[in-house]
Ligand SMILES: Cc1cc2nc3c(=O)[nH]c(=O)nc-3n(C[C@H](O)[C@H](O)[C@H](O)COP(=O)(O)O)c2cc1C
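Quick heads-up: it's one chain on its own, the form predicted on its own, in structure tokens.
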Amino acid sequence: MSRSNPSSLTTSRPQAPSPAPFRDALAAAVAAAPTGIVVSDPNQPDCPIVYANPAFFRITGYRPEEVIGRNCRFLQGAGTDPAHVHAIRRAIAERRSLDIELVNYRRDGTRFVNELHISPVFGPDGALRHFFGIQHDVTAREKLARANQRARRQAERASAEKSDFLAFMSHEIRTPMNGVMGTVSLLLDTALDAEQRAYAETARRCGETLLSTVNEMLDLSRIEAGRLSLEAIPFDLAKPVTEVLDLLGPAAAEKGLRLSASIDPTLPARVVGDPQRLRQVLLNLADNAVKFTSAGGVGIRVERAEAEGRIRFAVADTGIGIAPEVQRRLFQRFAQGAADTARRFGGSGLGLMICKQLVGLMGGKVALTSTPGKGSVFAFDIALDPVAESGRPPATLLPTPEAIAARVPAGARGRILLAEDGEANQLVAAAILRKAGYAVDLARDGEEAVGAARTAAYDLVLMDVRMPRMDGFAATAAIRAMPGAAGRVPILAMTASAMAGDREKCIAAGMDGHLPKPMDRAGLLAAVAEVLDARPRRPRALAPEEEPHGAPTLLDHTTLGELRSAVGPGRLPRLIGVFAEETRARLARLAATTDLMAIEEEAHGLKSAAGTFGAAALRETAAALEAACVAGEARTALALRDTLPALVERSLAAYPVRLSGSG
């Protein structure tokens, strides 16, 4: 048999001689193969190569006369791992197959990664005849693998650096924020009137939101960097559920929602797991449910899962539901249901992403079923080991009792349209302007601003530049296109962009001025006064029925909703109660005096507080009373004062029962 003819090789099983055409086809296939194929003879000294196909010569760059008769070690070099060489020698000595990758070198000295498969070939008599070697040049694959590995290491380093940075920044942010929050808490413990308390509550709410966002980003960064570890401690199964109910009880009660939880009584009372992270997931899901539900209820169910040893948690609501196209992207970072979701309902868009990651760390997966207009159910099941002989949990849970607690007409100084999508900014700016004697209407985006400017007469428009649906520039263009006085109303831009050229850009868009954020009280009032002082004044009205825009309604629900959003869920009822007590005390002081200076002082305070709490008619009457005192018109002032008690009671009664605090 010729040692250079691969068609003469046989496998380990004795076979009948192949027909000549088959041998010729086999030889042709070996010669045409794109991978390197060599045959070596272990029965000759040093096991030389006796055959190599053309692909082998293309891969290595050697000529046939430089290969045949040589041991394959000539392909090895300085970068070849000795362990790989030893593995090849051992496989040949033991007459067995081997798959291995090793570094080889071409004739020109360049290295390549050889994916080598060697197999022994036995004759019909069982004697070892040859070793058959198949070689693949996988250098490109190895380079790609190394590049991917480097990229992965770089990504891991970047993730670690990001986590370190966020940890540092969260500390740097939280340290002063703790001071701010602590100071606000101390302020809330002092004697404040209703208006002051509303502002302090707003500051606390904004601080809590900022801290929550910082904590969410830090949690997500730790999860992605693999630095967040779960506890495995015994805890009461009902405890994290109860804590969630108590935290969300005020918000649910304020919206008139049923909030409850049920636990399968066959479950153990105590389990082993991470109660803090379980509570975090449930709170996030239930908070979203309350936020997006306006009628009906929110329920948490805890029950046995189908898989042995796992417990299923589900949060169901009767809210607005989620469209199928939104569901597909809902668990991505910063993803929210619609473009205006953050503006309308708040949130960073990180909550569900963190829930997904935390549940994944606990060995589960969050599932969602939802029908638009009918509600949603978020559910997951995780393994929680039972604590032996711990009893049974309560079957039903409720929040503890302790946990439940139209436009304004033109004013004396002018009527202003405030177009601003940030609710906290709305509250602050509107309160400053109303306290200064201006009547303020609100628009939450450019489209609302255009609609308001088309249907009402304003002395000034304060226009935020960046708003959803229609930005300030487009809204200004639409207003300027209106006929008559509506299209000529002065417009001041409000923007956090204070770079060179921003003012010119606003002027070019048709605005009359540029007011950079953040706005301080003096700067805001000065800018407004500068515009309004250049316009003809409307006559001051002494009684609300004389106002050119008609009698005000008892409550301005826009202002009330704005205040509710700013101070946070569950806090408005108490503030309304403080306002009611303070107003009745003010009435008593007014009834006890006829001194115009004393009446003016009380009227001024009542006007400001009523404006803050959306008591529109009361604010206008108080403003008229203040104006009469300033003008020295005692008879008009006393007549207006005598109308206040009935108006106060009607105004307080107009608040929803759960807000009025008056029973």
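The structure displayed is predicted, hence computed values, not measured ones. Numbering starts at 1 and runs along the sequence shown.
The following text describes the form predicted in complex with this ligand, which does not appear among the structures shown.
S.K.: Is residue 38 close enough to touch this ligand in the predicted complex, meaning at least one heavy atom pair within 4.5 Å?
M.R.: Contact check for residue 38: yes, within 4.5 Å of this ligand in the predicted complex.
S.K.: How about residue 132 - does it come within 4.5 Å of this ligand in the predicted complex, if we only consider non-hydrogen atoms?
M.R.: Looking in the predicted complex, residue contacts with this ligand include residue 132, since a heavy atom lies within 4.5 Å.
S.K.: With the partner left out here, check for me: in the predicted complex, does some heavy atom of residue 141 sit within 4.5 Å of this ligand?
M.R.: Judged by the heavy-atom cut-off of 4.5 Å, residue 141 is well away from this ligand in the predicted complex.
S.K.: Even though this ligand is not shown here, does residue 229 get within 4.5 Å of it in the predicted complex, heavy atoms only?
M.R.: Although this ligand is absent here, residue 229 would stay clear of it in the predicted complex, with no heavy atoms inside 4.5 Å.
S.K.: Which residue among 426, 559, 114, 476 has a heavy atom within 4.5 angstroms of this ligand in the predicted complex?
M.R.: The residue from 426, 559, 114, 476 that makes the contact is 114.
S.K.: Out of 638, 47, 30, 630, which one falls within 4.5 Å of this ligand in the predicted complex, going by heavy atoms?
M.R.: After the contact test, the surviving option is 47.
S.K.: Select, from the options 288 to 296, 133 to 141, 320 to 328, 377 to 385, the stretch whose residues sit within 4.5 angstroms of this ligand in the predicted complex by heavy atom distance.
M.R.: Flagged stretch: 133 to 141.
S.K.: Within 4.5 Å of this ligand in the predicted complex, which residues of 53 to 87 have a heavy atom? Give them in sequence order, or say none.
M.R.: The stretch touches the partner through 71, 72, 73, 75, 76, 85.
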